[in-house]
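First, one chain by itself in structure tokens, the form predicted on its own.
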């Protein structure tokens, strides 16, 4: 199958590596000619270009650009597509993307592979990035079932676990387990930097170990991605942030009032609940 990928960064490049290894012909498009050449050299794609017309023969096109560029990219891509071509994306927010893109192309299905790391660019592309990861598709009521199944089958070939849900359900779910953690983690780092005693701050930076590494990782990632999460999933993120703030205030009260039994009960509930969030 001929598969087009627009955006040859970590996600697009990693998809290219795995899909090409399965025998698919991968057509890659990037804004930078140097990225195209690197993708060819690394074996990410079979053919690469800065021109979207390369994708005229593609059966499936995966848009792997930043969230804000997905719909504008599709608008430029439409004149080059065959009527039966399926288009999907990998954005971490779905409702606004699905609304805009299904208007532009009836064969569009929103997609979101729940995989990645803090590295960026074509040089970060790696094989097996998606193994064991969740891959969500967000069709509308008008989306033909055959399109969804074709994409889900392709995703399962990457050893992912596929899920199907409405775009708005996806966005509320990822607000809790992806977008909220980014903002909480960013606030942790920001709070540490506000330590007024330079000696204390310097020692804290030297002593920081696995606990701080785990809790600060997503907050120290790609700033553009974090901003796009907030911009395009604003309502769901605000809802989760306000609930988080309420829970944090309750913990503060427990500590201020030295209600150690109550605090321990909260921590025990969390300890028991955490495994349910780990796939």
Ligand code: NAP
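Positions refer to the first chain, counted from 1. Model, not experiment: these values are computed from the prediction.
The protein also exists as the form predicted in complex with the ligand; that form is not presented, and the subsequent description refers to it.
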* Give a yes or no for residue 17: in the predicted complex, does one of its heavy atoms lie within 4.5 Å of a heavy atom belonging to the ligand? => no
* Could you tell me if residue 67 has a non-hydrogen atom within 4.5 Å of the ligand in the predicted complex? -> yes
* Taking heavy atoms and a 4.5 Å cut-off, does residue 144 contact the ligand in the predicted complex? -> no
* **Contact of residue 8 with the ligand in the predicted complex (heavy atom, 4.5 Å)** => yes
* **Which of 208-216, 245-253, 230-238, 32-40 sits within 4.5 Å of the ligand in the predicted complex, heavy atom basis** => 32-40
* To do: Note which of 157, 126, 106, 117 lies within 4.5 Å of the ligand in the predicted complex, where distance is taken over heavy atoms; exactly one does.
  => 117
* Identify which of 102, 92, 162, 95 has a heavy atom within 4.5 Å of the ligand in the predicted complex; exactly one of them does. => 92
